[in-house]
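Before any questions on how it binds or moves, here is one chain, the form predicted alone, in structure tokens.
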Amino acid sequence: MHDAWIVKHRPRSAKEVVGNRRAIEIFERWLRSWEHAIPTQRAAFLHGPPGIGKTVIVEALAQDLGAELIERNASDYRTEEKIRQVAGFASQYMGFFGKNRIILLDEMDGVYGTVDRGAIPAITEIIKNTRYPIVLIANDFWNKKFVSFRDKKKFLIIEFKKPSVNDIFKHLKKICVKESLPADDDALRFLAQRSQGDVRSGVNDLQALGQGKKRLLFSDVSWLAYRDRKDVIFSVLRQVLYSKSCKAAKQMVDLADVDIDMLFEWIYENLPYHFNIPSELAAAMEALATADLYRGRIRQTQNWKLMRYVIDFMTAGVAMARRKSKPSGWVPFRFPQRIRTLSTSRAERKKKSEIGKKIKQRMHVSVGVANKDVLPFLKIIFESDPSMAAGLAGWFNFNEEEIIYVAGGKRQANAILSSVAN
């Protein structure tokens, strides 16, 4: 069985947490102040981007201080009644073993004003009377629903920032030592830069690309694209739709290294709005249709050498169709409707939700985090390493349909299922 490295190498002490040393010192000093008396600030609000260690530091300091940690996702307890049942009782009464305790309400972003039916007022009331430190965690502290938590006299507000590339690099290097995985510094530094401050993503990348190898080389990681961002897609789209040369249109795709199928859908969706001369729009659509024919041939034959023609027609072919088309004024790019339709289908969401719940149970993260941060890396593994995928499928208790979904089709799933059976 292959353990997830983000769990296996999760910091067990505050000293092992990556980055944010000043924020950690302030937070630890506040927690230790409870040993002498209840402070004026009875709750701490930790905020910052996802994946940078906000939850981890609470768990690590609870371990360092020998405190009992009562940890709940606020998004799972969104009503006043449930909040009082979980946090209200814990804030007043000592545990069975007489330990000090820390009450953690994670993922406060998931509590919504019109849906939570009194959850935030209930949390505020519990904090006023708590006998134990309460910690709230959210990504976007400046959301208007958190206005009641901005009183610095009552709340210790601590911002956590993205760790530096060097901090993440050192963390990845330590993991490689523990896993007996020799790795080129260039490869680890590339993964650290690619993570964009998200430690969790950096560790997931390292495991997906390094586990099972005799040595991790720069060539093993250099082909990776930076995670798809809308601004990257927009830059590529702008270059493809408005380039005046074939070379410029094609080059932007190589530099940005975006997913080709995703880019195809973006071009298809936006072409009619950026070509206002029918004959030129028809020529651009003809080029895109030719690219699609080659895509179909690749799916049938698995001849990936044909990909060069897909890229040529969907970039240079589209760009060269423009002669005089010039939309009046600024035209916004539109999200591909076909992708939106597929992504919101009921069956798709249900299956993804069930997989997220199984990941949640094993890795002790929310369903949202499971689907956003863990599932993409499972897909990489399931598509490239059937043996490792079989171990993970068993560990997560995935059924056949779920294995097919994560593997991206029956063909790859059959190899995984064969390994599971053996």
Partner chain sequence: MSSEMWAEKYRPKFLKQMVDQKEIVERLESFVKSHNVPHCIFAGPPGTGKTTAALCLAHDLYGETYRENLMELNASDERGINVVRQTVKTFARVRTLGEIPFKILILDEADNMTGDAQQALRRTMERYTETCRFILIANYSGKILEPIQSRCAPFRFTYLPREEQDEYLKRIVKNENIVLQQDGLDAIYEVCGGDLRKAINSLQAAASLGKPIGSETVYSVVGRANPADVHAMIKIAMDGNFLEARKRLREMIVKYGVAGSDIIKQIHIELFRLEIPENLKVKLAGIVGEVDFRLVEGASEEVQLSALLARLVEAGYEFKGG
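Please read these numbers as outputs of a predicted model, since none were measured by experiment. Think of the rigid core as the biggest set of C-alphas that the two forms share within 1.5 Å after superposition. Residue numbers count along the first chain shown, from 1.
Keep in mind the form predicted together with its partner chain is missing from the figure; the text below concerns it.
Annotated contacts: 29, 171 and 184 are all free of its partner chain in the predicted bound form [non-hydrogen atom within 4.5 angstroms]. Its partner chain is not shown here, and in the predicted bound form it never comes within 4.5 Å of any heavy atom of residue 151. Residue 177 falls outside the set of residues with a heavy atom inside 4.5 Å of its partner chain in the predicted bound form. At the 4.5 Å threshold, heavy atoms of residue 65 stay clear of its partner chain in the predicted bound form, well away from it. Residue contact check for residue 58: none of its heavy atoms lie within 4.5 Å of its partner chain in the predicted bound form. This chain is drawn without its partner chain; in the predicted bound form, the residue among 190, 141, 268, 160 with a heavy atom within 4.5 Å of it is 268.
Between its partner chain and the residues 355, 43, 46, 392, the one pair within 4.5 Å by heavy atoms in the predicted bound form involves 392. Judged by heavy atoms within 4.5 Å of its partner chain in the predicted bound form, the contact stretch among the candidates 290-298, 151-159, 234-242, 121-129 is 290-298. Along 378-403, residues 378, 380, 381, 383, 384, 385, 387, 388, 391, 392, 395, 396 each place a heavy atom within 4.5 Å of its partner chain in the predicted bound form.
Once you line up the core between the shown form and the other one, the Cα of residue 300 ends up 2 Å or more from where it was.
Comparing the forms between the shown form and the other one, the C-alpha position of residue 129 differs by less than 2 angstroms, with the core used for superposition. The Cα shift for residue 57 between the shown form and the other one, taken after rigid core superposition, is smaller than 2 angstroms. Inter-residue distance, residue 183 to residue 407 (Cα): reduced by at least 3 Å in the predicted bound form versus the depicted form.
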